[in-house]
Every structure is written in structure tokens, then in C-alpha cells.
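Below you will find one chain, with nothing else, as C-alpha cells; this is the form predicted alone, and questions on how it binds or moves follow later.
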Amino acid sequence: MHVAWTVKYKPRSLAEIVGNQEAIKTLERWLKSWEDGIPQQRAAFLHGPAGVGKTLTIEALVNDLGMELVEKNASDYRTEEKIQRFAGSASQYSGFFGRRRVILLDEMDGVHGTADRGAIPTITRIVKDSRCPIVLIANDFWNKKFVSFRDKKKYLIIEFKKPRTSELLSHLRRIVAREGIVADEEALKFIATRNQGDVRSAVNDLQALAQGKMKLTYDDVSWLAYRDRKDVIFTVLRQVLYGKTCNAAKQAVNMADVDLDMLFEWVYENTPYHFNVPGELADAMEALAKADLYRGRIRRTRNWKLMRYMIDFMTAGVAMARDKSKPSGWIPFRFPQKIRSLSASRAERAKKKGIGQKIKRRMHISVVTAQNDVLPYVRIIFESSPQMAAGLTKWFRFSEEEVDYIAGGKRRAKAILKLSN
């Protein structure tokens, strides 16, 4: 059974949290201060981008300090009555066996609109009289609805920032080591840099690319530069593959920040893994086949009115094929092989063109001639004579990456570069 690595490697203690060490120390000091009595600041407001570990930090900290955590999503408790029922009474008592209780209201961003009238004033009243620590978490602290929480005398305001690339890189190294995967440093650095401090997103990327492999190379991940951000597309796929109604599945198209051809490839790649009843899978694939027929007809005739039929079959047609299919366990979404192949070939063409440009400048020939007639001979020399290859490297001024491409292997390229220095 597949297990999401974000769950499998979820931090259990503060030592495993990635980044934000100063913020964590501030929060820890505040929680420990309750041992000496009720402090002036009875609540802490943690804020910062999604995926940087705000919720994980409070969960790990409570675990380390032996406290009891009472956790709810504030977006599920929007009314005054529900907030009072949950947090009001809980804030007045200790936990089981005398342990201090910590109340966590997560996803405060979700408290909005007319349905939430009275929720935020109720929270402020509960905080005022609370006999145990209350932690509030949101992404956008500067939203005007949070004005009442900006009083620093009553609230400990702690900002969580995106971890540094080096911190995220260390976390990815630990994961591949535990999975027994040998990973190129360049590959892990690429994933860490691309996700810009979003730990959850980086771990999801790593699992999608490395799970089931013994080795992860830079070539395995470099194609990611050409694919769309996966967080939105994953949400769209869930709505298509597990939609309960035709409309819900069709509305997923409006959420996707990709063109319909790209979305079709994502749905086509993942459908076989999310249906485990053969007849239902056959119906889903038949719907995709019909969508592909309309896709081809649109290309040939430019009749865009046919687009609605393509959309219907690739979304509602797939979703409505499901009746009893219930895959056991967590199944990761897979990046379309077609996208991977096209991206890899695009990167290779760009590299080949760059080499052709350097040969052109030295030999005064066209780039096409350099690529088709000269490069094959250069490659033979690189494979057979490191000394001559080193001379050509210096003369053409090939980069390390270009030498690696021409030589066809890092070991041979390393020997050539050593001789050329």
C-alpha cells in the first residue's frame, strides 16, 4: 500500500521540523511560561505561507512537552454557537491526567462570509477568559478580518517563513536515505529550489519522482522545468476521477490552469490507477477514447463548438464510470509520460543546438551542418580518445554540461574535463 511521504515522514518532534527555528523557540518559551501561571498573552497567532510547518510545529511541540492537543479547523466551526461549543468549554479545563491542554484553531483563513457572523468576536471573548493556551493559525495575517487579533498585549504574533533551500535540501536527503534511494545532489537541489520553501510540495514532488526507484538522477527531475505546478492539477484530477456528479467533474476544467490537451494527458495517465473494477475502468477509458476522437476532429476542422463534447467525455464521462471502484490506500498521481518525453526531448534539442552554435563559430559552418555532420564525429572522439576530447573541449569552449552530453556519461566526462584543465 502506498503511503504519502508527507505522512510517513511527518515530524514527530521539534528536532525534525524544517526551518523557522527562531519562531519555534518563541512559541516554545510561551507555552512553557504557562507553568508559572496564566500569561498576559493567552493566545498565539501563527501566520505564514502554506506548507512551511505551522501546524506541524505546534503538534510536535505539544508532543515534546507532554501536553494534550485539542485541534479543529476553524473553517469547519464558522458560527458563534459552534465555536463556543467547541473552544469555550475546552478552554476552561485541563486535559486528561492533569496534562495542560492546548487548543488549536487551524485554517482561520476559512472563516469568512455572512455564515461566520459572530465567529471571530466569539474567539476573542474565549481568548480573554481562557485558562489554557490557544493557538490560531492562518496564512494571511494581514487580512482585515483579523484586525482584532493584532493586539500584541493579548496575542503572541509569530511569523513563519519559507525554509531556506539548504534546510529543505537536508530534509530531502534524510528521506531518500531512509527509503534506500541513491540520489544525485543536483536532483535534490533542483526539487528543493523549485518548490521555493514549500516543504509539503517538495516532499510530494520527491515521492512522485523517486518512489520505487533505487537511484534518482538529475535527468529524472530536470523535465519538471516544463510542467505546470502540480498542486492545482492534483486538485483538478481528484475532482474528475472522484466526482460525484457530472457538474462537479465538468467544473474541474475551470480550475485547471492548463490547456485542455494537457489536462487530457493528465487524466489519461492517471485513470487506470484509480479504477479497480475492470468494467468501470473500461467505461472510463472508452469515455477518454471518445474525448480523443473529438480532440482530433477539432484539430482538423477548427470547429471549436465540438470542444464541449471533448470536455464532457474527459471529465463527466470518466467520473460517472465509477460505481464500486474504491482503490485501497493512498494512490499517488503520476506525471504524464508524454509530457516527460516531450520535455526531455526539448531539453536535449536545446543542448544540442547550443553545442552546434559553438562548433559553427569555430568552423564557420551552419548550425544544422554542425549538428548533423560534425557532432557525430566529435562524439566518437569523446568516446575513444580522452586526450583529443580534452583538446576539442578547450578549442570549442564546451561547458561541463555539454561535455557530459557529448561523452555520454559522467565518468568519461569527468576524465575529459580533468585533462582539459
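Each residue number is its position in the shown sequence, starting from 1. If you're wondering where the values come from, they're calculated on a predicted model, not measured in any experiment.
Omitted from view is the form predicted together with a small molecule, to which the following refers.
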Inset, instruction - Determine which one of 48-56, 363-371, 35-43, 389-397 lies within 4.5 Å of the small molecule in the model of the complex, judging by heavy atom distances; exactly one does. - result: 48-56
Legend entry - Residue contact check: Glu401 to the small molecule in the model of the complex, 4.5 Å heavy atom: no
Inset, instruction - Using the partner position in the model of the complex, report whether Asn139 sits within 4.5 Å of the small molecule, counting heavy atoms only. - result: yes
Inset, instruction - Examine Gly408 and determine whether its closest non-hydrogen atom to the small molecule in the model of the complex is within 4.5 angstroms. - result: no
Inset, instruction - Decide whether Ala23 counts as a contact residue for the small molecule in the model of the complex under a heavy atom distance cut-off of 4.5 Å. - result: no
Inset, instruction - Only one of Leu206, Ala249, Val199, Ala284 comes within 4.5 Å of the small molecule in the model of the complex by heavy atoms, so just point that one out. - result: Val199
Legend entry - Proximity to the small molecule in the model of the complex, single hit among Arg101, His171, Arg322, Arg295 (heavy atom within 4.5 Å): His171
